[in-house]
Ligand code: DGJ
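First, one chain by itself: the form predicted alone, in structure tokens.
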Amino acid sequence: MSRHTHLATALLCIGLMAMSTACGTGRHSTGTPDNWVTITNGQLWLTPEGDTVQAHAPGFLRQGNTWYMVGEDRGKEYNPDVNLYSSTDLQTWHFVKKIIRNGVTSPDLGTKRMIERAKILYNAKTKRYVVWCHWEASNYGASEAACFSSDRIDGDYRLEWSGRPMGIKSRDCNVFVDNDGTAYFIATTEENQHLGLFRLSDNYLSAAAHTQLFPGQQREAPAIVRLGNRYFMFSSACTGWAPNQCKLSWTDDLHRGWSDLEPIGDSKAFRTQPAAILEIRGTRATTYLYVGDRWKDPTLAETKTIMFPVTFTDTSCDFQYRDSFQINFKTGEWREKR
């Protein structure tokens, strides 16, 4: 092979590598040879095809090295379908399918009912995937929940149940699975006055028991994480789409003994509302990521998903927004952007 041929081949390889890097970044994550990924906040998430990621108020499930995310497709604004995406770095999201569709999954969807805050669970006993959500009327008078299930994460989910859990009015919600596999549905209840902790049945398809938390304190968007024997809960006040002060509480027993609500972050909680706390467990460390919605930024369809590391102490946490940071999914470590 001639010298000129070698040079041409080298230039072609460089060009192909540059194209691969440009096309494979998805949102704004940048991988490095030592497995560090840069995560940048404040911009729309885009699929590799250039489509806006529509999975607001997201719920997450990790299987192996793949993260799955479900959430509201706000392209339709007030009658969202539920979309499913997959990712290995929490930034480059690939569209999988619509798993719950208006007028298809249920004739009431898109007419009598709409879905908010879809959250996904996997039941190891039944080997089924379960989605719980807020199941609401246009005037928010229904105050109901619903659950769906499928034998495949990317299957066609069927409606299993809808109504008020144990007869209790329920709205903004989340789910939590404890270390022993017991699952809970957590929702703001009785006209947004309290939080309700609903223990789910063994198959995760119905509410089996209820405990009232934070009576009269009007909290919503609850997100629970467990560290050792201690539980932490993030929540927001009930101010519609407007951001407000995020607050933290902790306990050693899910059903009682929650501490007073402690303000964290700035007075608007960095213009986000809690959606999830993700655990990144690696070979060297475990990092926890706060995930929040920056609603109507500037429209519902352009709502931003914000993500940054949270470091817990004994009874509190370091809750600081970052425009960008780096995380290593292999070791579980995070660092400031370099």
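Just so you know, these numbers come straight off a predicted model, no measurement behind them. Sequential numbering from 1, following the sequence displayed.
What follows is about the form predicted in complex with the ligand, which we do not show.
Contact check for Y140, G240 and Q273: all three have a heavy atom within 4.5 Å of the ligand in the predicted complex. In the predicted complex, none of the heavy atoms of D81 sits within 4.5 Å of a heavy atom of the ligand. Interface membership of E220, defined by any non-hydrogen atom within 4.5 Å of the ligand in the predicted complex, is confirmed. Using a 4.5 Å cutoff between non-hydrogen atoms, K247 does not count as a contact of the ligand in the predicted complex.
Mapping the unseen interface onto this chain, E116 counts among the residues with a heavy atom inside 4.5 Å of the ligand in the predicted complex. Exactly one of the stretches 116-124, 257-265, 141-149, 158-166 approaches the ligand in the predicted complex with heavy atoms within 4.5 Å, and it is 116-124. Looking at 151-187, the one residue that comes within 4.5 Å of the ligand in the predicted complex, counting any heavy atom, is D172.
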